[in-house]
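As a starting point, one isolated chain is supplied in structure tokens, in the form predicted alone.
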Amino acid sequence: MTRSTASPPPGAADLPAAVAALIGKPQYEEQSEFPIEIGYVYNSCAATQNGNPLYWDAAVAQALTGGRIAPPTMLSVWMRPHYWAPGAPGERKALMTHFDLKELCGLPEAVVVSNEASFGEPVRMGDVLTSRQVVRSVGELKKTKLGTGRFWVIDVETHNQRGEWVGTESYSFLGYRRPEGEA
């Protein structure tokens, strides 16, 4: 699923130019650090006590989906970089576009307001995935109970090595600055 490029919502005319320039433009296109493997699937299913035979039994997976697949809910797992890797420069974070927005807007605090996922082709063992982050909207500056800030939406679109869309995760955030004197 690829959404159409959106303009800033009405009232967001107060956006810094650098923020407005990010809306609708793909950022941080990255490939998964390793091919998808069953060990991660087993660990995730064990941690969540997911006993679905589709993920544990190769014969069931073959009969139902033509081979082993990962649970769709693991989509974000594959695109989260290890905090450290040999030769990687500095600290590595997922959703770097979010951290860019916090800095560009001068909003040091943030919370995830909602997360929604849409799924396409199943993620199969051996797949190598590519994701990209797209800022869909950045709202006007407003006062909330947490402080003064902005809401923004970032989509993480993911495709496999065959160019097939496997899913999109849409994150809504509130970036904010706490009122003076609050820690």
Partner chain sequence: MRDLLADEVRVGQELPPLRVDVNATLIVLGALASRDWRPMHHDKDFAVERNGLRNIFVNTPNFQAWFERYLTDWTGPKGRLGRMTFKMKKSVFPGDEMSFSGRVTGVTEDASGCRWVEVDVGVSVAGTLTTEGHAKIALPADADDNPWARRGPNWQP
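Quantities reported herein were computed from a predicted structural model and do not represent experimental measurements. Numbering follows the first chain given and starts at 1.
Only in words, not in the display: the form predicted together with its partner chain, which the text now covers.
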Legend entry - Distance check, residue 177 to its partner chain in the predicted bound form, heavy atom within 4.5 Å: no
Inset, instruction - May I ask you to check whether residue 113 falls inside a 4.5 Å heavy atom distance of its partner chain in the predicted bound form? - result: yes
Legend entry - Distance check, residue 31 to its partner chain in the predicted bound form, heavy atom within 4.5 Å: no
Inset, instruction - Consider residue 109 of the chain shown here, and say whether it contacts its partner chain in the predicted bound form, taking contact as heavy atoms within 4.5 Å. - result: yes
Legend entry - Position in contact with its partner chain when the complex is considered in the predicted bound form, options 27, 65, 144, 130, heavy atoms within 4.5 Å: 65
Legend entry - Stretch 149-172 - residues with a heavy atom within 4.5 Å of its partner chain in the predicted bound form: 164, 165, 169
